[in-house]
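Given as structure tokens, the chain that follows is alone and in the form predicted on its own.
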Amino acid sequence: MDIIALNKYPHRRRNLLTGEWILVSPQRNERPWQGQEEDQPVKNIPAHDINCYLCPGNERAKGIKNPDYQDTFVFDNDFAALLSDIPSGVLADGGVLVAKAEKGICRVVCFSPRHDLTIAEMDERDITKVIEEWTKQYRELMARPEINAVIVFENRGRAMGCSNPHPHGQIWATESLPRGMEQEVESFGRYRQEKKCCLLCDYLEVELQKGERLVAQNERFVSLVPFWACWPYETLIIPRRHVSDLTELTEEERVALAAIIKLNTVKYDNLFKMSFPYSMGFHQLGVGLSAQDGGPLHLHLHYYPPLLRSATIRKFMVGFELLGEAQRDITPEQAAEVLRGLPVEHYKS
């Protein structure tokens, strides 16, 4: 199929990173919508909220007082999903019933002392400080003997389950390799074994040649809508140089990463003239992974935004998506064209 056909007829696309398939149905773009609509984001947020448990100087839920921080601030999550001080071993192994203990660490990273900012509204210099903090945390956590994977991520907006608008993200460090990373490790490993080169390096070269799914780029990084994108305006940020994790980035690359992250999120906000919700996160090399296992992995940053047609209509993964495979209506090429054409200055500026 050529691009004209891909934008016209139903078809399936394979996700290079996971091996999974997605059904694309461009003929459904004009279907009417009478379903749920999301609330608009809260406006007129103060620079400091006395009731926010992430603002400088405020008290958190368990009585711990935040310092009067001036840029980034990191602390162990007060209600962590993972714990480091638990016994190891199998908890249940009755044949079909299998469970084992999982050690880990969960941390919160406040991006700024300003309660009223988002990544899209922050200065690139301050975003660079966040990247430096992510790098520091990744290096520290991966050095721990019980940790085998670290996922740095941000849930932005109430539509993505974020209950606090203060600019922040999380870091989860796990004893096991989570399934999402495990799938990518397997794909990178198979590709390297067959082609003797990196899957994402080759993929990026194809995307740069075609240009149909590019959103933005600078000398160090490229933002694009992946060929297999599942969410309507999903994007992938890939470094041009093969690096395995954040610690391998040069100072110039960290600055360039801050620039492309800001540009990506500004375009998201400009799409529907609102603070755009998303989940974003890094996939990078896990400790102990050899060239045979993962390649090693090529560092990349996923953005999964849920909105479909407007600020109030979102994409739901239900029915066929839960029972069969992921499905989307607007094609990745159409989504990239929309994002590519958006202004690079924030709509509030």
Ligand code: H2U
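Throughout, we count residues from 1 along the sequence that is shown. Everything numeric in this text was worked out from a predicted model, so none of it was measured.
Another form, the form predicted in complex with this ligand, is not on view; read the next lines as being about it.
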item	value
Residue stretch of 297-305, 55-63, 313-321, 277-285 approaching this ligand in the predicted complex, non-hydrogen atom distance within 4.5 Å	55-63
Exercise: Gln170 in contact with this ligand in the predicted complex, heavy atom 4.5 Å	yes
Partner proximity in the predicted complex: Val108 to this ligand, non-hydrogen atom cutoff 4.5 Å	yes
This ligand contact at Ser163 in the predicted complex, heavy atom, 4.5 Å	yes
Asp123 within 4.5 Å of this ligand in the predicted complex, heavy atoms	no
Contacting member of Asn270, Ser187, Thr135, Asn155, with respect to this ligand in the predicted complex [4.5 Å, heavy atom]	Asn155
Residue among Glu102, Glu146, Glu194, Asp78 with a heavy atom within 4.5 Å of this ligand in the predicted complex	Asp78
